[in-house]
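One chain is shown next in C-alpha cells, namely the form predicted alone.
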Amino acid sequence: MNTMRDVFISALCDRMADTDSVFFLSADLGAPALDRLRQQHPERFINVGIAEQSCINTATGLALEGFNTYAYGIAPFISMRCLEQCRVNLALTNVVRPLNVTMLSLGSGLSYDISGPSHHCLEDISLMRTLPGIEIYSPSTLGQARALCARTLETSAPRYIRLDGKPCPETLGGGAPDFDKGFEVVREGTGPTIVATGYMVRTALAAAELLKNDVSVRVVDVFRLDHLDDDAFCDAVSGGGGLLTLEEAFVGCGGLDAFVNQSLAAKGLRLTLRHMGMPRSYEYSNGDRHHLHKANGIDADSIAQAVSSL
C-alpha cells in the first residue's frame, strides 16, 4: 500500500506542470514523491530547514503575493511548534486578506509509534479547532488524500491536513468524499454507531466486523473537523442504538468527541454517548501502533466490547 503523503505530493507535482502559482515548502522533511517534485520544479521548492515557524512565515509571505503555498512538516512540530504563527499569520490575517496556505502535517496520531511521545501527535485536532477560519481535514484513505489535493488547488483557504504516516488503503468502502458535508457512512448498520476519524476508521471497521454476528454496527468516517452538515450527520447516526466516538487523540480535550457533541446539540438529538481515544497522559512504553492501542484500550477488541455495552 502507498502512503497519503506520496499520493498527495505526486498529484500536486503533476498539477504543478500546468500552473506556476504553486510553491512547496518543506521543514527539512523528505519523501519519495517529494524527490520528483524537487527535481521537476526546483524553482518552486524551498527547504527552510528544521524551522517550522519560518516555514509558516515564508508560506504566508508567498501566499500574500498570490501564490498557492504548501507547508510540509512532522505533525507535532508543524502544529505545535509554530502555533502562534498559525494563529497570527494564517487565522488572523485571513480575516482581512484571504490566504491560500495548506499545512501538510505528516504523522498524525500515533503514526510515529516507536519514536515515542515527542513524535506522537495527540493534541493537534483540539489546537487547530480553536483557530477560526482554518479548515481541518483528517483523511482515512488514499482516495481522500488525493481528492484533498484537488480541493486545495481548486478552492482557497488556510488549511490543516492530517496525513497518516503509515501505508493505507485506497478506499474503505465510501464514495467520493463530499468535503462540504464532512463525513460519509462507510458501513451501514441498524444498531450502534461508531464515529471515527483518520486511522481509527479502520479500527472501527475491524470492531464492527468482530461484532457482525451479534450487533449490526454502523461506521461513520468524519474526515473534516471544522465543518459538518449537521442535518445530514444527525440523520445518519440517529437510527439504532447509541453512539461511540473514536479518535487517536486525547479525549475530553475538544477533539472529535466535542465536535460530534456540538453537532448533536445543534439539532437537539439525544443519544447514549461514549467517547474513546487516548487517555490524558503521554505514552512512554515501547511498541508499535497495535501495542500502543492495546495498552490504552483503543484496539479493535476493546472497541467491540464498548460498543456491545451501549
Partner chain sequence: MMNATELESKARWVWRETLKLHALCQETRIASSLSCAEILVALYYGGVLRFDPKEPLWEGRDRFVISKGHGSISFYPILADLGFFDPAELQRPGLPGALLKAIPDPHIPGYETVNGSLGHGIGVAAGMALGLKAKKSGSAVFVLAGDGELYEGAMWEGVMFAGHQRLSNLCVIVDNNRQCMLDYCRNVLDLSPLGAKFEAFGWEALEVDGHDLGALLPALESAKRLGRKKPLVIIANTIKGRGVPNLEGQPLCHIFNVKADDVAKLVREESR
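What you see is a predicted model, and the numbers here were worked out from it, not measured in a lab. Numbering follows the first chain given and starts at 1.
One more form of this protein, predicted together with the partner chain, exists but is not displayed; see below.
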Would A157 count as touching the partner chain in the predicted complex under a 4.5 Å heavy atom rule? no
Can you check whether L92 is within 4.5 Å of the partner chain in the predicted complex, heavy atom basis? yes
Spell out, yes or no, whether the shortest heavy atom distance between V96 and the partner chain in the predicted complex is within 4.5 Å. yes
Given that the partner chain is not shown alongside this chain, does G61 nevertheless sit within 4.5 Å of it in the predicted complex, heavy atom to heavy atom? yes
Is every one of R44, N57 and F67 in contact with the partner chain in the predicted complex, taking contact as a heavy atom within 4.5 Å? yes
Exactly one stretch in 246-254, 262-270, 281-289, 46-54 has heavy atoms within 4.5 Å of the partner chain in the predicted complex; which is it? 46-54
Could you work out which of V88, A232, A150, I114 is the residue within 4.5 angstroms of the partner chain in the predicted complex, going by heavy atoms? V88
Contact set, 2-32 vs the partner chain in the predicted complex - heavy atom within 4.5 angstroms: F23
